[in-house]
Ligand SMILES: NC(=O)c1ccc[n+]([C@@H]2O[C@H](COP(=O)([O-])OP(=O)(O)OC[C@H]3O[C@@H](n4cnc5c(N)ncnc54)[C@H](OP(=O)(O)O)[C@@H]3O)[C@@H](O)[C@H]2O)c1
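Quick heads-up: it's one chain on its own, the form predicted alone, in structure tokens.
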Amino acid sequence: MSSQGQSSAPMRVLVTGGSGLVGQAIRRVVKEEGGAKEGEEWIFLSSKDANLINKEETLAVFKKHRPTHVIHLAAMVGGLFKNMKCNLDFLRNNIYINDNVLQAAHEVGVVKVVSCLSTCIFPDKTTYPIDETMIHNGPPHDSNFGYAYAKRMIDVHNRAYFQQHGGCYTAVIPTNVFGPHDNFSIEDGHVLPGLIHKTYIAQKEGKPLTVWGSGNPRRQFIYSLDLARLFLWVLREYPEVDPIILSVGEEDEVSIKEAAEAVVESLGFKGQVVYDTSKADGQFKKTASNAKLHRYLPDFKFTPFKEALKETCDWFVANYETARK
């Protein structure tokens, strides 16, 4: 399904979740890399501006700013273990947020909305690589089914807005995102920032680094700044309502063990590395195809994983006191 969703007047872009990992990266690309065009206005919302779980607050903030375009990043997110404990909370809160944001966008006449999904929405039992046509082919992994189903429903929502109102609401599906301003919580964060924080502490305390799980699962990691640059392209150029996977290639997939070794190298950790196999591994792999992205942008260059990881580790060390953790 295609719908351009473009207008000739300068854009007024509202970014929900603007203080998070991807929001901060988009802010940097817009402000420091010249990503904004002349006359454009960019508004970055945080949870302090509005509680998007609340319908009235969401509509009020949309009426206040009257955006023409929306990048919707706000979500209740967490790592494997937090998802396993709170599937109901992840389901309900994210359904409320997404419904409120998309309906508020519709009510104030937003031209285009780009929402952010996740590869965890794909079926657990599937063939690889996964692509955009396979989202609804079966149940997601049991560990985070609440979050996964809530995010899947954005795709259903987008199709329904297009069918009923002709709205150009679409979504991107990034693989595992990392970078400056991530949540480096050891308990509740995602695997890479959690590893960075654990390695930092082990280095400081002169203790072994304990990696949860076997280290065998495999992931594709995308640097937040690469994702931000691609988000701007989707907002300006991507014509489809159907979602698009934003990811490095299949050949760039790494195991958690390889990721841990790269973190150890980036932080100069000299101690012992131990794998705690009593901890759950989660989904073994969710290899995604970036063939559709490659058809649109054959020349896009991703930041090499080790280079992006070194920049992230350096940022974390420099901002340790104020980083989310």
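From a predicted model like this one, the values you see are computed outputs, not experimental measurements. A residue's number is simply how far along the shown sequence it sits, counting from 1.
Form predicted together with the ligand: not shown, discussed below.
Comment: 68-76 is the region of 122-130, 163-171, 68-76, 199-207 lying near the ligand in the predicted complex, near meaning a non-hydrogen atom within 4.5 Å. For the options Asn51, Ser289, Thr277, Gln283, the one in contact with the ligand in the predicted complex, meaning a heavy atom within 4.5 Å, is Asn51. Checking Leu117, Leu102, Leu192, Val234 for any heavy atom within 4.5 Å of the ligand in the predicted complex turns up a single hit: Leu117. In the predicted complex, the ligand sits beyond 4.5 Å of every heavy atom of Leu230.
The ligand in the predicted complex is approached by Ser19, whose closest heavy atom lies within 4.5 angstroms of it. In the predicted complex, the ligand lies farther than 4.5 Å from every heavy atom of Ile244.
Although the partner is absent here, Lys151 is a contact residue: one of its heavy atoms lies within 4.5 angstroms of the ligand in the predicted complex. Of the residues in 122-147, only Tyr147 comes within 4.5 Å of the ligand in the predicted complex through at least one heavy atom.
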